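As structure tokens, one chain now follows by itself in the form predicted alone.
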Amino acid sequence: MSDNSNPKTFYIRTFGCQMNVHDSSRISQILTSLGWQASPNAKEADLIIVNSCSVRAKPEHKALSEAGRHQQARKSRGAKVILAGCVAQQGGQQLLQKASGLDAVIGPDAICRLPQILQQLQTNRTPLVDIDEHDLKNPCFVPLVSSKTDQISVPVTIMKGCNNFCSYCIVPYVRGRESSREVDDILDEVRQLAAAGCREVVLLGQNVNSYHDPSGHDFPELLDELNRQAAVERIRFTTSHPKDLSVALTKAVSRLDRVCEHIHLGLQSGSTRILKSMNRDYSQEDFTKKALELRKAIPGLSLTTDIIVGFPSETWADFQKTLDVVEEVAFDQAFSFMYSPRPKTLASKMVDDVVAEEKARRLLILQELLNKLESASLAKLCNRTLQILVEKTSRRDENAMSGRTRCNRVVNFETHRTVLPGETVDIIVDQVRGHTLWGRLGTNNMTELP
């Protein structure tokens, strides 16, 4: 891929969710440990990896298009192009005909075999496909390890796969069955990350509520262990399935001081009929009851969600029920999407009978309501002093810093002294600008620069 006198370089382009972002970090870690160097752009890289997402049609098309852009690099300087992630797992061997110019197609579980894959790429004349899935005996977890990190908040995979088979979702087909990591392995990774400078971890799983490690520990017990460990200042998690939301988890978030007051609970639809067709295993009444109980039990809770509009057979009355739930629960934020059929799923066999124009109209109406609720939620935080974990210089103002509240709200603030990423400061919130809060250092933090 390059001569031995110069370090080999790699470039990764990531599409999709936090899981994919985390997978790219693990790929980077493995490559770096093998002596490779990260390149800021693909034009100079010996190895180009496109880490793909197939949850919806749009990111899938983007990933395939991105892989196609690098054909000149293959022809002119011998760069290798790998399509990784969920699209790779979904398409497998067929992608070699669909997307010409790929040197390898590797699924998420192939990350642990990356050293062997790279060796094969040196000698193979034909493209390589590795989409073997993990199993309970070989879960293929690759922990992040580092002697130093500039990331204040770092994702930590606690489980992989999904057993729910929601009718619209391709995840079980590309991420395999559920497999949970041992509590001790997770504690070790968090301890190492904290020693490297991390102040916050985000526990990742397709459904963290169903976490059960081989020793029998459940998710609330894992939170308890991490809180007791006290290695990091803050603990977050995503994502939670409503059907598995337990009283024990609610109590854990309420009483554990390092666990942040933020729960992402996917609604998907406010119509019980549509929820049944989605195979979500809860009703509109079940969801609303749990959401309102969470708000009552956890003061200051930020409750966020996912919503799909235009699912097969969704009527205007079904959509109106979604709006009703959204308004009653008053979500603080939400990710909302138009339904798109995904291969292999049960819903892909249903008639996609809500026309694109109507899906777009419903999405616009929903997002207008969500924006109104978010604005009201942010307005309640004005003129209050909030504890912020500082992350970086503000993207909107190079003279300001940016961080997050415990309930995951972004706050930008001006400062008259040096404030470093990783510090926890009190910020007096003055105003709302768009989706973010703006403020200034509280009086307890106002030591002036000399």
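As the structure is a prediction and not an experimental result, all values here were calculated from the model. A residue's number is simply how far along the shown sequence it sits, counting from 1.
Below, we turn to the form predicted in complex with a small molecule, even though it does not appear here.
Exactly one listed residue, out of 306, 185, 261, 225, brings a non-hydrogen atom to within 4.5 Å of the small molecule in the predicted bound form: 306.
Distance criterion of 4.5 Å from any heavy atom to the small molecule in the predicted bound form singles out 169 from the list 99, 298, 169, 79. Proximity of residue 55 to the small molecule in the predicted bound form: non-hydrogen atoms within 4.5 Å are present.
In the predicted bound form, the small molecule sits within 4.5 Å of a heavy atom of residue 338.
None of the heavy atoms of residue 277 is located within 4.5 Å of the small molecule in the predicted bound form. Residue 342 belongs to the set of residues with a heavy atom inside 4.5 Å of the small molecule in the predicted bound form. Here the chain stands by itself, but in the predicted bound form one stretch of 306 to 314, 213 to 221, 250 to 258, 366 to 374, 306 to 314, has heavy atoms within 4.5 Å of the small molecule. Contact check at 4.5 Å (heavy atoms) against the small molecule in the predicted bound form: none of 9, 24 and 39 pass.
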